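Just one chain is shown here, as C-alpha cells, and it is the form predicted alone.
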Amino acid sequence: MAVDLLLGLQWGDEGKGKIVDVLTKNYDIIARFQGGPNAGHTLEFDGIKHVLHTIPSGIFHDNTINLVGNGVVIDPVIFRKELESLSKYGIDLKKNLVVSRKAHLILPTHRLLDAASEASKGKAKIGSTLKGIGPTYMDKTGRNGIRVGDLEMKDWKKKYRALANKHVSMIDFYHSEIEFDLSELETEFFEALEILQSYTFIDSEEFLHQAQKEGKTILAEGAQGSLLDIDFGTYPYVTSSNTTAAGACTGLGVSPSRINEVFGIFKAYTTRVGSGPFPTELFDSYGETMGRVGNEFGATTGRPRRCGWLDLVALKYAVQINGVTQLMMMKGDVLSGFDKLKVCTSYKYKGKVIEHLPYNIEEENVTPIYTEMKGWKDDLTTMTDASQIPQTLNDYISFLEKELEVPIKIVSVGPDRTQTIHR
C-alpha cells in the first residue's frame, strides 16, 4: 500500500493539524516525519482547542496508530506535558502511540545552547523558537546525538554526561548572560525520560514496511512549512530539517516510489512568524485585519504572525518541489468582508520581471507584482457544502487552480473540524 503525504506549503502555521484530524478516519497510521516541539498543530472540536507539538494529529481517533518517526527530535519534558494534557480525554495512549528508536532526543543543554546562540546574534537573530531544535539536529549530523534507542543501552547515561559537558563548554564560548540551574533542568529531564520509556519503541522503518505489505493505509504528517526547509527555504531563516516531500522518505524510511498522494496545505493569504524576508507582507489595515480576525499568533511561541497577501510565486515553487497532487485552502473565512484582494503573481527581481522564486527574496531585491480581485462579503463559517460557496470565492479558487495547475479539494471555513468543505 502506498503512503500519502501531507505538508505545509508556506512558512508554517497553515493548518496541518486540523486537516490531519479531518483525514485520519481514512488511515490506519499517522506518522510524523520531521521537526520537533517547535511545531504547534492545532485541532479544534467539541468546543475545545488542542495544540500538539510532537504527538501526531491523529491521536484523537481510537483505531489509528500514531507514530513519531526517526526524523523527529523529541524533548521528553514537552512530550510528558503533551501526554498529561491528553490524559483527561480517555485516549488509550499506550496502545495508539509508538516512537521510533532512531528519533533523536533534545537535551536540556540543547535548549540552553539554542538560547545562547540566538542571543549572541543580536539583530541578526533568525527567530528561533528556542526549543533546542537546531543544536539537536547539529548533533545528529555531527554524529554526537543521543537517540531514543540509546535509552535501551547500558552506557547511555555515560554518553549523556559526555555530551552535556561538551554543551556547557560551548555555552561558555558564547559568553552568554543566560542564567540556568542545570541540575534542576536535569531532574525534570530524567523524570520525563521515565515516562517516555514507558511507551513502545519501534524500528519504525520495518514497522511501516510491514504495514504497507499488510495493506494498511498510512498518512505521513509534516511540520513547519516548505519555505522553512533547510535546503529549499528562505535560508538562513529556516528550520533545521527537510520539511518538503523528500523529508518524509528520510524521516520515516519510506521509499520515494511508495509515495502516492501529496496533500499541500496553504492559507488564503500568507503569514510568517519570526525573522526573514516576506515580499507580500502588509503593514496597513488589511494586514491588521488578517492578524486580528485570523487570530494569528504562533501556537508554540505565542508570537504574533506577520500577515500579507497570498504569494503565488512562492506557492508555485512549493507545489513544484513537493509534487503536490491535491491542495487544501485554509482560512478563507478570514478574508470575508475585504472589498478587494490581491494575489502576487510575479516579482520584479533586480529590475527584471520573473515568475519563479529566486535565490534571494530580500526587500532590496524583490518587489511583488499583484493581480487584484474582488472580495466576498459572506460569512463562510456556517457553510457546510461546496454549493454554498459565494461566486466571488469560487472565482478566487478557480484563479488559484489555474495558476497552480492543481485542484483545490478542501476549503476550510473555520477552526473546527466540522468547518471543512470538500470540493
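This one's a predicted model, so the numbers in the text were calculated from it and none came from an experiment. Numbering starts at 1 and runs along the sequence shown.
One more form of this protein exists, namely the form predicted in complex with guanosine-5'-diphosphate (GDP); it is left out here, but the text below deals with it.
Exactly one listed residue, out of L341, L97, V334, L312, brings a non-hydrogen atom to within 4.5 Å of guanosine-5'-diphosphate (GDP) in the model of the complex: V334. Among the residues H167, R111, R147, R305, the one placing a heavy atom within 4.5 Å of guanosine-5'-diphosphate (GDP) in the model of the complex is R305. At a distance threshold of 4.5 angstroms between non-hydrogen atoms, G40 is in contact with guanosine-5'-diphosphate (GDP) in the model of the complex. Under a 4.5 angstroms non-hydrogen atom cutoff, guanosine-5'-diphosphate (GDP) in the model of the complex lacks A248 among its neighbouring residues. Among heavy atoms of D378, none comes within 4.5 Å of guanosine-5'-diphosphate (GDP) in the model of the complex.
In the model of the complex, guanosine-5'-diphosphate (GDP) stays beyond 4.5 Å of every heavy atom belonging to I106. In short, of 23 to 31, 41 to 49, 64 to 72, 365 to 373 it is 41 to 49 that has heavy atoms within 4.5 Å of guanosine-5'-diphosphate (GDP) in the model of the complex. Interface residues of 390 to 423, taken as those with a heavy atom within 4.5 Å of guanosine-5'-diphosphate (GDP) in the model of the complex (partner not displayed): S412, V413, G414, P415, in sequence order.
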